[in-house]
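In structure tokens, the next block holds one chain alone, the form predicted alone.
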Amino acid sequence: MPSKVEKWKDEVYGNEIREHLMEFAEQGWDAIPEDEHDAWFERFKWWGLYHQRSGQESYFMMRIGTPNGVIKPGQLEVIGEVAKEYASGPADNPEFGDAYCDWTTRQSIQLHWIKLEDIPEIFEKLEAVGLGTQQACGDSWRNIVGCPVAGKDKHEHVDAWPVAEDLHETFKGNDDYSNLPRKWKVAIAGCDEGCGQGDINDLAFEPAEKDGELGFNVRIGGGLSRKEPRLARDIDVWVPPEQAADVAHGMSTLFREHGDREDRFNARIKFLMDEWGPEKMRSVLQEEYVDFELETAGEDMRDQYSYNTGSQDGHNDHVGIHEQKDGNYYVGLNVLVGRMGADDVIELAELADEYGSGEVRLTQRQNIIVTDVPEENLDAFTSEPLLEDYSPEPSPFMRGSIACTGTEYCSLSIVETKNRQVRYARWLKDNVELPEDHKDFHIHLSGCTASCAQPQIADVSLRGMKTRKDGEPVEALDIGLGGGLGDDPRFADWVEMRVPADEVPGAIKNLVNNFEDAREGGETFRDFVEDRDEETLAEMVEPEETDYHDPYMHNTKMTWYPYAEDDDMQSSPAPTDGSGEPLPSDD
């Protein structure tokens, strides 16, 4: 039997949702029948809208898709203006204030506290500059990710940006691909650094050479969620750039027709790959879904990958000042946990216009890049006061921090994340010294097993849990070590479970000190972890209290907003009308 979500989708889904969404926006929150909330909230995802969690009824998160992270001239300013005008809630965040943008691990943008009644105006403003929220969520093609400096990078062998743009134009809004069994995540990159992170995507195009021609090898079935991570598997296929869309059509159609629609927990291509294996996957693709002979895989460039590998060589990210192939430069700015105030976004848009071409790009490490900066503008740009907060030369602990949305807004998260990781990074910066040869050290904090912060591919992986301390329930984190991608990708080993959140900084400090004492020669942290068993690693973690203070130890999931002065559910002003005023209670 199809799942209840499939039944909802059979009734209304895809592009037709927009008409209903606009009607609800005109009539207001109360127009959505209460017994149909779950169905409509599931449908709204297709247009980039997630209803926020309990205690925040009538407020939505809005996701804006930017394929390959490319934000064209004129678009960033509008994003900032929309955030400033519409993404303000009934309470401020103590670290970030009010009205901000979140850059995500899939090179998208998320805004919070969006009111249903404001959505028509927001759509109009975004669409006027070529932006949109269509299929940013939901059971369809998600935002296409890849090398954020495609078309500009000196390490590029194939310019993947035209291919990514073609895939976006072909599959976004296309009714044939609007209703898949579950989300469909695609990565494409043409550089030899591996920054597309194809290994953790449903469908990956990676640079490869075949008979002297440059194109892409194809991998299928990567993903991190549900405590069942998978690395994408090689299906022995190479395609030239002009056939990438045909293979993408074939694979997404295969998934549409063979994916599990009865069990949503099993409705990902990685589980179909488990069942079929690469040979059958290739065979079915060839026989049923493409009308040309598939080439066997070419010679890949994975042995050169450096992105998020822990190798301490090459690009582990895009932070810093880097020359483009045209002689200009791109400047990668560190945005701690990916959150940037709306006023800062608007100011950065002005600086990008003044010192570059006006274009910026988002990375999968929640950072932002200003492109096309002439060499003579570098000193003036990097001396701007804004870059004191968004530095191209940050501490490794600031640079390596990623966090998901957490209990601030997300109904799935178990713990607070963004503000906690900010506090962790600042404390570690002031209290922990990495070995001199380690300039990159990645710490990812994910509030639950959905793995939106990609914890399994970090040096230190943190995953939200609960425990008891001194007889009281407190927020806690599982600790994993040694994850990363590259030619030999591996997922983190979970070595310590349910560590009280206020003991995690001490645990990381002890871990780094023990690593420095016990490492052999120039051993990297990732190699160190890979060469030792879990019991030995667990002994090196040593959780302990320090002078670090954590104000979010209580059960933030049971608050209406973790940072509100009166945070109990009964104090929530939600639901509210289009002006933010509380609606009358049904009692």
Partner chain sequence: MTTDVHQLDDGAWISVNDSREVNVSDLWLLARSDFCGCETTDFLAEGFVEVGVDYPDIQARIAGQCIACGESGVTDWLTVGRVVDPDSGEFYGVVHESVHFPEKRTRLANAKK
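Quick caveat: nothing in here was measured; it's all calculated off a predicted structure. Positions refer to the first chain, counted from 1.
Separately, the form predicted in complex with its partner chain exists; it is not shown, and the next lines address it.
* To do: Name the stretch, out of 538-546, 519-527, 60-68, 46-54, where some heavy atom lies within 4.5 Å of its partner chain in the predicted complex.
  => It is the stretch 46-54.
* **Close approach of residue 182 to its partner chain in the predicted complex, 4.5 Å, heavy atom** => The answer is yes: residue 182 has a heavy atom within 4.5 Å of its partner chain.
* Touches its partner chain in the predicted complex: residue 263 (any heavy atom, 4.5 Å) -> Yes, residue 263 lies within 4.5 Å of its partner chain in the predicted complex.
* **Partner proximity in the predicted complex: residue 42 to its partner chain, non-hydrogen atom cutoff 4.5 Å** => The answer is yes: residue 42 has a heavy atom within 4.5 Å of its partner chain.
* To do: State yes or no: in the predicted complex, is some non-hydrogen atom of residue 554 no more than 4.5 angstroms from a non-hydrogen atom of its partner chain?
  => No - in the predicted complex, heavy atoms of residue 554 and its partner chain never come within 4.5 Å of each other.
* Of 439, 280, 227, 125, which one comes within 4.5 Å of its partner chain in the predicted complex, counting heavy atoms only? -> After the contact test, the surviving option is 227.
* Asked: Only one of 247, 465, 294, 267 has a non-hydrogen atom within 4.5 angstroms of its partner chain in the predicted complex; which is it?
  -> None of the others qualify; the residue that does is 465.
* Asked: Of 4-38, which residues get within 4.5 Å of its partner chain in the predicted complex if you count heavy atoms?
  -> The stretch touches the partner through 4, 5, 8, 34, 35, 36, 37, 38.
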